[in-house]
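In structure tokens, one chain follows: the form predicted alone.
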Amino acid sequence: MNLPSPVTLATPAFVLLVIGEMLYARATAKAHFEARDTATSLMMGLGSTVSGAIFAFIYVAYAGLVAQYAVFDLGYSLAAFIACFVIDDFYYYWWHRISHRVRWFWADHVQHHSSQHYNLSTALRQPWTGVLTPSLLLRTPMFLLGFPLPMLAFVHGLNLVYQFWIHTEAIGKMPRWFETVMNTPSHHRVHHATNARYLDSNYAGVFIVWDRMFGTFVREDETDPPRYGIVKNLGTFNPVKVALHEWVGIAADLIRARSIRDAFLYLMAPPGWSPDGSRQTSDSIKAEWKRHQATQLVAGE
């Protein structure tokens, strides 16, 4: 069965919605844009599309190879589509969580977080270097389950289309039932924030229930508005530097590594890890924040 690309079909709507949000931002100041930042996001999106097309053969070849050993032949029934969508979103949660906790994966994902603004154009700030990570291997169980490969590509595209609209400050909170089950702009603002209380949380793609189940859900706190970007912001709008800066950092660390263990951990430990602990990780930042909160609480008593 030939299935269309949801992302390709939605691209004209993406462009119109970005323009609409820019006009809304100018009229209300409830969203924020910076021309060079938006241009960088659009260039990152274009580069991601090009790199994805160039290296698509790797995905197709690996998926086809593994699919030969599929346990089931699930076909194209409605139930199979629904199951595929839910399982793909479950996979996305774990891929996303790993991408924040393992520096090798983070090197490809950090680009998406590099903007200090949060608007619909940020959703288009996508990486170019997925081929340099083993992310494809994480999809092996889905190939083995026996979902048709066109179906897997289709539902993953739907997942990405859903995530576009949650990259905005123009929408506040959704109805409570929706916020309980689904990923929303409020939940995803938390995910993109660098505030200590928000780090490493809300990894969901479509269903926020995964974060609630696995202990990574954090609610947006109106007393602590999200600040966007990465812990050490880049200070550049050059899309090539945005795309490659963490890979350059990894290469520099591997060159200076004093042991195989250090080299391994520079790749596989959380971003910010260093042998002497001189750099900050999200864990150390959160621990420091919690100590500060505890001190303030004691002082207040």
Partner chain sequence: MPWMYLLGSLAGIGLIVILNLMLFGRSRQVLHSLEAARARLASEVPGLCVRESILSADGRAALIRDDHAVYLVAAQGDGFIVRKFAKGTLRSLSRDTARLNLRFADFTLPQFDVPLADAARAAHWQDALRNATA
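Every value quoted in this text rests on a predicted model; they were computed, and no experiment measured them. Numbering follows the first chain given and starts at 1.
Not pictured, yet referred to below: the form predicted together with its partner chain.
Novice: Residue-level contact is defined here as any heavy atom of the residue lying within 4.5 Å of its partner chain in the predicted complex; does S48 satisfy this criterion?
Specialist: So S48 does not count as contacting its partner chain.
Novice: Does the 4.5 Å heavy atom contact test between Q116 and its partner chain in the predicted complex come out positive?
Specialist: Looking in the predicted complex, residue contacts with its partner chain include Q116, since a heavy atom lies within 4.5 Å.
Novice: Counting only non-hydrogen atoms and a 4.5 angstroms cut-off, does E288 reach its partner chain in the predicted complex?
Specialist: Yes, E288 lies within 4.5 Å of its partner chain in the predicted complex.
Novice: If we define contact as a non-hydrogen atom of the residue within 4.5 angstroms of the partner, is A35 a contact of its partner chain in the predicted complex?
Specialist: Close contact exists here: in the predicted complex, A35 approaches its partner chain to within 4.5 Å, heavy atoms only.
Novice: Of R219, R227, K173, R212, which one comes within 4.5 Å of its partner chain in the predicted complex, counting heavy atoms only?
Specialist: None of the others qualify; the residue that does is R227.
Novice: May I ask you to choose, among V231, I82, L136, L144, the residue with a heavy atom within 4.5 Å of its partner chain in the predicted complex?
Specialist: By the 4.5 Å heavy-atom cutoff, the listed residue in contact is V231.
Novice: Suppose contact means a heavy atom within 4.5 Å; in the predicted complex, does that hold for all of A25, M43 and T236 with its partner chain?
Specialist: Every listed residue reaches its partner chain in the predicted complex, so yes.
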